[in-house]
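In the form predicted on its own, a lone chain appears below as structure tokens.
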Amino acid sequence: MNETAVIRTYGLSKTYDGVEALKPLDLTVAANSIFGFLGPNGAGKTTTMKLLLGLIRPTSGSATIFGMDSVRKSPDIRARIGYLPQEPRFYEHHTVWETLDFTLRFFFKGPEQAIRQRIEEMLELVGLEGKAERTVKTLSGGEQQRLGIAQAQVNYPDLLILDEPAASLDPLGRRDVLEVLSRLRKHTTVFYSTHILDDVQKVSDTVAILNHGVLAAYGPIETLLAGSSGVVYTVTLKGSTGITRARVASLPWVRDLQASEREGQSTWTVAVSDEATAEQQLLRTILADTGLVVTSFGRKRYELEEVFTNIVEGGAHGGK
């Protein structure tokens, strides 16, 4: 695949009965990336996926996938896509092998040895190689979800679209699915929706957050986790902090200093404008006060849940 961008949307929108389910959306999804698509229920995630899959038509705007228009070239595009719905359905009396064999023959007509080899590759990829003869109804929820990913991947797709791939799984099942997603990076581009923010933080390169049909944040996950305040340090201290706190707050490269007291300790959140200078001088300035004991010091790293909550509850908007 030669395209550097697998998906591009240009003001893509959808209105149902006068209600804007998706407001004009501009996104770019890079090849061989794992793209996390987030948002609360009703945010427009499923509507976006249906538009990309050609299952519904946009009200306005457009999208290209592999450089082809998502409406006019939908059959050509779908031949290169694998899709896993939120709740995959199988013939429960079929074995794992029969399930993949049945799906693969829609895309590939032979020879038999090549079909067998491809099924074996998929079983190994998702960790089901020892369960090929098990019937679907005897599999755990996590195993069925991995079978769904294998089924979506069996036609060598250039794009894999997954709708809540780990939503109903326990922690072990989610871990297994995340491992599969990480392995898929070398084979395809993964575009998936989820509400499990911890999972997104573990595997995604890029994240988009929808809120009420609007793109509220979009960019590399490292950028989102850096927070909107730029470079921020957190410091926990014991002792009388008043004089040193005033000294630090007055430094020209300190933009803001917030302090809180708890159980005899003071915690400072220090936003800085000059990262290099702060790295060299902030801790030294604090330690110059020999009456203070620093119990922790480091760059603040936001959790995705914190970023997501701030955006969704605060109505903040960002962009790339």
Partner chain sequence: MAGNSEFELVQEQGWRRGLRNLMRQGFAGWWKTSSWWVQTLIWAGIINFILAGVLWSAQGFDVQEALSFYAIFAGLFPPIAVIIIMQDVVVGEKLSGTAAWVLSKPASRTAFILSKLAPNAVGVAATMVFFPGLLAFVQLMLAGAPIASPLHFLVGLGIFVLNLWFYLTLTLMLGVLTNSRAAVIAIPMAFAFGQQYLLGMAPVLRHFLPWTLSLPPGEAFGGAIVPSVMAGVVPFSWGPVIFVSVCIIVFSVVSLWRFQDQEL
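Because the structure is predicted, anything quoted here is derived from the model rather than measured. Positions refer to the first chain, counted from 1. For clarity, a rigid core is taken as the largest C-alpha set superposing within 1.5 Å between two forms.
Beyond what is shown, the protein has a form predicted together with the partner chain; the following relates to that form.
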When the partner chain is placed as it is in the predicted complex, which of 70 to 78, 199 to 207, 244 to 252, 217 to 225 ends up with heavy atoms within 4.5 Å of it? 70 to 78
Applying a 4.5 Å heavy atom distance criterion, does residue 194 contact the partner chain in the predicted complex? no
Please tell me whether any heavy atom belonging to residue 110 falls inside 4.5 Å of a heavy atom of the partner chain, as the geometry stands in the predicted complex. yes
Consider residue 114 of the chain shown here, and say whether it contacts the partner chain in the predicted complex, taking contact as heavy atoms within 4.5 Å. yes
Distance check, residue 164 to the partner chain in the predicted complex, heavy atom within 4.5 Å: no
Between the options 131, 187, 212, 175, which residue brings a heavy atom to within 4.5 Å of the partner chain in the predicted complex? 187
If you check 259, 271, 56, 287 against the partner chain in the predicted complex, which one has a heavy atom within 4.5 Å? 56
Taking the partner chain as it sits in the predicted complex, which residues of 20 to 42 have a non-hydrogen atom within 4.5 Å of it? Please list them. none
Taking 2 Å as the cut-off, check whether the CA of residue 219 shifts that much or more between this form and the one not shown after a rigid core fit. no
How about residue 116 - superposed on the rigid core, does its CA move between this form and the one not shown by 2 Å or more? yes
Do residue 90 and residue 50 move together or apart in the predicted complex, judged by C-alpha distance changing 3 Å or more? closer
Say whether the C-alpha atoms of residue 102 and residue 71 sit closer together or farther apart in the predicted complex than in the form shown here, given that their separation changes by 3 Å or more. closer
